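Shown here is one chain on its own, the form predicted on its own, set out as structure tokens.
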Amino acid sequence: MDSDKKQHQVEFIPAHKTGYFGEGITVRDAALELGILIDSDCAGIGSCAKCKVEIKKGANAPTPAEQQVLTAQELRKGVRLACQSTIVADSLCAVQTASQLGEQILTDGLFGDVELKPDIRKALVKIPASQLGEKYFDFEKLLECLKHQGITISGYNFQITRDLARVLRANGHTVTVVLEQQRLLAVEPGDTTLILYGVAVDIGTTTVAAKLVDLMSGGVVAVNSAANPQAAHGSDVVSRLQYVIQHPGGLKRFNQLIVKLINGLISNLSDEAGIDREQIYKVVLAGNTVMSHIALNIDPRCLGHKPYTPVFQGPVTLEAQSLEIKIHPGGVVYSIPNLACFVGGDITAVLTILDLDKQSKYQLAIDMGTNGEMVLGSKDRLLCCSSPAGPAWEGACITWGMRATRGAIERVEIGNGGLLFRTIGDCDPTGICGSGLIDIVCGFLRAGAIDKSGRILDPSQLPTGKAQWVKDLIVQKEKKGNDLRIADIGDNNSIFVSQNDIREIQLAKAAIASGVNVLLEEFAIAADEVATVYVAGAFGNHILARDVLDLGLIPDISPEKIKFIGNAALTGAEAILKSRDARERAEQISQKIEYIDIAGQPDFQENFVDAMHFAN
């Protein structure tokens, strides 16, 4: 709160959250202060029009940016862009959040076989009581008893010594020790050996997902997910880095946002499982390099300019309390090691449950997100790279694009005499999410309405005999290319895909395709020499093998070789939480893998331009 400026009361509905803010703060920033996330793919410059809110009281005059992107009808209703509209009076704002829209976030994925042998474990210890005249120290006696049980301690949480006298005598000198590898985390009165939980977290640029795991049985007892609140300041890692660089306190704000979200997920998981959050002793984090820096409150700004240098690779283990992550007071956080500047612990987690480093034949893994990460290789050599695909897969930067929430067109079938679509929630359409967009592009490619260069053809340019309904869906325009009409929504308005939207998809897919091509060239192999292609990521789980090939995401390969493995970063983090062997494997892979900077390759630009074309 800025006490030097006139204060105004601002209420947000239906969240029913109210605060007092200094005059001139944007509606978006006021919402964030109250923990309300408002989408803003353009990082607040007013171009994406995704941060629409309805100001029912106290609206200021619309800015030029708002007048350009909002209709006259919207402006009359009080619709404003939250990133542009500023607080000038007591206000009442209506905002729809991702949770209210019912966003679909993928939490399932391929899971490899791992032996349940977590680094975090418990042991029951019975300690003889002290006798008068005996040289006896509580802590040293505890260490002595542990040594007799074959447990050597190399470090400990000092708080243990402060509490030990009370804990030892609370249950007749019978205690349970909590260990993480050889570090003593906690000493608990009595026998609590059957209570041991951990949480695996995948910190994605767009979404964050978490699993609560019973480390005694190995079972997943609860799953929870939410949108990454940092997205309000930019939809990709580049815009997040720019925010940190340009805004004093930007890192602190981002760190607080992600820690608050993780704590919220942990609280939800605990409530669902009916346990106390202090029964959780370890959190394993998977995330790209930028996300892992921010989560650990490590300055990532050197990743924002050449030569793109991260501060650390990891792995990192530290006390949860130092990050203000609310689990057991002695609990720890483990961050999976990164691989390179923009190839993070999320792809390390994926590789942990795959066998690329054990196979004699070449295998390819692609994590399709806002930052595309790719690994190619075999037991002889592993090579990774990254390419900024951008947020188009999530529906950002698309005219009618939206996340996978209620009302999003998620599936489209083009053929058999027309266009059919399905929305999330089976309700009236309000936009198009990534999977629906790919269906549209591939469907119109096959129908001949889009050529290989990505151009939406004029109806007269379609082949002779092409069905009239296909031609009727093309909205011919004199400038900026044609549109494809997808659904009518009243008020003489339609949801459509524009020529520029097609270009955004081409840029996203070219980023992936050019990265794959660079890897193939480095190994001097053809695409058909790759035995298996694993496609990871929430978006990748919602597309078809034939779409991958028609888009030209990867060179021509047998569709049977393409395997969709879902949110493998989260399941990889789960494996590392459950298994010491999986954790050691992740660390070994991070050391042996090589990195190639695809943008630094002499033929990269030519490669990227070629990859813009569709394969179909």
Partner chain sequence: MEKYVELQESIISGKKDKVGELTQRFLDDGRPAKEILDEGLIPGMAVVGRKFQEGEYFIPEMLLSARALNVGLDLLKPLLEASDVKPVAKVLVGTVKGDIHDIGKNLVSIMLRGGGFEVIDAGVDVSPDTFVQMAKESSVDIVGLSALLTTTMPSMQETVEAFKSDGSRDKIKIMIGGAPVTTEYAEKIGADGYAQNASLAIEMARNLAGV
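Definition used throughout: the rigid core is the maximal C-alpha set that superposes within 1.5 Å between two forms. Positions refer to the first chain, counted from 1. Bear in mind the structure is a predicted one, so any value in this text is a computation, not a measurement.
Below, we refer to the form predicted together with the partner chain, which is not included among the displayed structures.
**Q** Based on heavy atom distances of 4.5 Å or less, which listed stretch (114-122, 503-511, 430-438, 417-425) is in contact with the partner chain in the predicted complex?
**A** After filtering at 4.5 Å, what remains is 503-511.
**Q** So which of Q359, Q246, Q182, N493 reaches within 4.5 angstroms of the partner chain in the predicted complex, heavy atom to heavy atom?
**A** Contact check passes for Q246.
**Q** Among Q256, S453, N171, S267, which has at least one heavy atom within 4.5 Å of the partner chain in the predicted complex?
**A** Here the answer is residue option S453.
**Q** Are any of the heavy atoms in A615 no more than 4.5 Å from a heavy atom of the partner chain in the predicted complex?
**A** Although the partner chain is absent here, A615 would stay clear of it in the predicted complex, with no heavy atoms inside 4.5 Å.
**Q** In the predicted complex, is there a heavy atom of the partner chain that lies within 4.5 Å of any heavy atom of Y156, even though the partner is absent here?
**A** Y156: no contact with the partner chain in the predicted complex.
**Q** I'd like to check something about Q605: if you look in the predicted complex, is any of its heavy atoms closer than or equal to 4.5 Å to a heavy atom of the partner chain?
**A** Contact with the partner chain, yes.
**Q** If we define contact as a non-hydrogen atom of the residue within 4.5 angstroms of the partner, is A527 a contact of the partner chain in the predicted complex?
**A** Taking the distances in the predicted complex, the answer for A527 is no, it never comes within 4.5 Å of the partner chain.
**Q** For a quick test of understanding: in the predicted complex, does each of D163, L323 and P337 have a heavy atom within 4.5 Å of the partner chain?
**A** Negative, none of the three is within 4.5 Å.
**Q** Which residues, if any, of 231-267 lie within 4.5 Å of the partner chain in the predicted complex when only heavy atoms count?
**A** Heavy-atom contacts within 4.5 Å come from V238, S239, L241, Q242, I245, Q246.
**Q** My question is whether G481 is one of the residues whose C-alpha shifts by 2 Å or more between this form and the one not shown, given a fit on the rigid core.
**A** The answer is yes, as the C-alpha of G481 shifts between this form and the one not shown by 2 Å or more after core alignment.
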